[in-house]
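Below sits a lone chain in structure tokens, taken as the form predicted on its own.
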Amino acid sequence: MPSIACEVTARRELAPEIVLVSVHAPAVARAAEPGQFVFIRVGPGDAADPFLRRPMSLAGIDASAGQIDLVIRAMGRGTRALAGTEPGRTWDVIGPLGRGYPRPAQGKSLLVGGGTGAASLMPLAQSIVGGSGPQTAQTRMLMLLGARSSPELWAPGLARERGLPALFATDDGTAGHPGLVTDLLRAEVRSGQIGTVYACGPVPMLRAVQEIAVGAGVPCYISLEQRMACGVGACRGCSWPRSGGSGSGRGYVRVCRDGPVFSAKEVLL
């Protein structure tokens, strides 16, 4: 897939070292589905440093405006360069890539996001709500959003802006439910009205989501976050162990090409 030069159109801080970047990328926005990602670097002039691209989940998809949104946590040299890009600069973009979220089964959907993992769930939530009013939206979908502490809890604010119903939790109890976001999941699943669970976030959170959802017999899909070198499955640097529970046997999946979204029964956490 060829790379595309795309202009950064807006940038704003959501939390310390976490920014929302909007990019004019009409071809990507028209083709993208919730759960897919793009492979990017600052460019074209700065494309050689750092050499490897960075995979970023799509946090917003607006096909009519030709815009995609990305949530970036500035952690290393590559992500700091991306997070610090000012409007008017250009990114070198490949995408959309990967396998996105399947459509929900009948019943209410729960979307569980931890940290920046919540970003990939935003377009899915919007597609499920589909422009319906607040009352109808709450019957279709609920986002459960977690962070370590209140300064890092950026996702509920973005959910409110987009009219998405959400509950939230912090590990240290400084905002929302005092405890793990999976506490909220466990309580919601007990209602017996849940059709599908989706999740993206740290592996310990995904492991707990897997246990709760699969144990309750609720279809569950998780999006894995993994470092990548090529983004198209050639280098196998993002390989992840398969559980064998899906009937396809042991072995490995490639997060970039076979995922990043998998059935919770498909991968070993």
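Just count from 1 along the sequence shown to find any residue number. Just so we're clear, the structure is a prediction, and the values are computed from it rather than from any experiment.
Separately, the form predicted together with a small molecule exists; it is not shown, and the next lines address it.
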The small molecule contact at Arg99 in the predicted complex, heavy atom, 4.5 Å: no
Taking the small molecule as it sits in the predicted complex, is Gly78 in contact with it (heavy atom to heavy atom, 4.5 Å or less)? yes
Mark Arg227 yes when one of its heavy atoms lies within 4.5 Å of a heavy atom of the small molecule in the predicted complex, and no otherwise. yes
Might Ala119 be said to contact the small molecule in the predicted complex, defining contact as any heavy atom within 4.5 Å? yes
Candidate site Gly114, Leu206 and Cys220: all three near the small molecule in the predicted complex by heavy atom within 4.5 Å: no
Thinking of the small molecule in the predicted complex, which stretch from 207-215, 227-235, 60-68, 23-31 has heavy atoms inside 4.5 Å of it? 227-235
Considering the small molecule in the predicted complex, which of Val197, Ile72, Met143, Val93 comes within 4.5 Å of it through any heavy atom? Ile72
